[in-house]
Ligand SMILES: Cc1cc2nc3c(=O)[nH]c(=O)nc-3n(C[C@H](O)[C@H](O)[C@H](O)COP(=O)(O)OP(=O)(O)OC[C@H]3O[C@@H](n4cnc5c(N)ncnc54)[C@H](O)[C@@H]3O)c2cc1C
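Take a look at this one chain, the form predicted alone, written out in structure tokens.
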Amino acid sequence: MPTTTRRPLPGRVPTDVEVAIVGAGSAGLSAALVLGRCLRRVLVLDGGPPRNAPSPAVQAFFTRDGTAPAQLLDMGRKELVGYDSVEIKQAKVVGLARRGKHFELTLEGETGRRSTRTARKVLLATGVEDELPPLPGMRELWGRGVLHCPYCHGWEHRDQALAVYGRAKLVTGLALLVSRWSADTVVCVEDPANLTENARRRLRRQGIAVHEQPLAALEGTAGGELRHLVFESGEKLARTALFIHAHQHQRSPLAEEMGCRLSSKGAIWVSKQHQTSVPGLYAAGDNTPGTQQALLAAAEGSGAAISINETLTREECPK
């Protein structure tokens, strides 16, 4: 990797790169672009396909609406080719440790071979994994017939026969939101006994029917399109999409292993500058609290990169 000519900082151990970015999705590539333009030596570690890989397209992304997820990331990688201080490496980060004023990362390559790299700052853009309900057909239809975000997919399913599935405490709000795109929306509740009278009243006002019979399976096409909800009685209900509010967990254990503060929902807590509770360790994208969308992840990556560059600059230009 080409290096820029800068005077070494007094008392600081030289590192392989200035910033290591763990994750090569929208947040990670966006951060790399900003840092590359700041002449920072950056290493992006690409550990595999992103969370939205099963989805047919990234929606509501300014100038890229309808772009396939893989194509969007490929465009991002190609943009980075022009910045010779940025390297993208196919490797999983299996270890992260603080070494005085810098970090040491243990990498595992595609062949299983391990190596180490050092960096002054680290950005975790590792994303999350969805925990799907254990219903037959749920995983097979995930990303096309089973969806998590009406802002991402509501337009494509407007005025169609839709359903919302989940536990009582979450299903009402999601159903009311989904009904914005279709008047033909129904609710399937995992625990109907916990659905309050107020929730039922709000759903009735919007013309949203509640199905209390347990859902047994989903039927769809080989291409991932939903066709029917199948109840335990054998009854089938024709639907074209099912929205769920899936539980999630961190895709990478690095934040927890480093002792980062997590939210009650397991997201990585970050300051306004995108720094975690561990100094020098930043996070951006779906692994942090807030609304999850590719465009927002890219924006967070950009914001984190600016914060990192300004922190590095203050360290290089002490008062």
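The first residue of the sequence shown is number 1, and the count goes up from there. Only a predicted model underlies this, so the values are computations on that prediction, with no experimental measurement involved.
From this point on, the text means the form predicted together with this ligand, which you will not see here.
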Given a 4.5 Å cut-off on heavy atoms, tell me which of 137-145, 157-165, 196-204, 175-183 is the interface stretch with this ligand in the predicted complex. 137-145
If you check in the predicted complex, is L295 within 4.5 Å of this ligand, heavy atoms only? yes
With a cut-off of 4.5 Å between heavy atoms, is R239 one of the residues that contacts this ligand in the predicted complex? no
Taking heavy atoms only, is H153 within 4.5 angstroms of this ligand in the predicted complex? yes
Considering only heavy atoms, tell me if G36 and this ligand come within 4.5 Å of each other in the predicted complex. no
Sequence-ordered residues of 41-72 touching this ligand in the predicted complex, heavy atom within 4.5 Å: L45, D46, G47, G48, P49, P50, R51, N52, S55, A57, V58, Q59
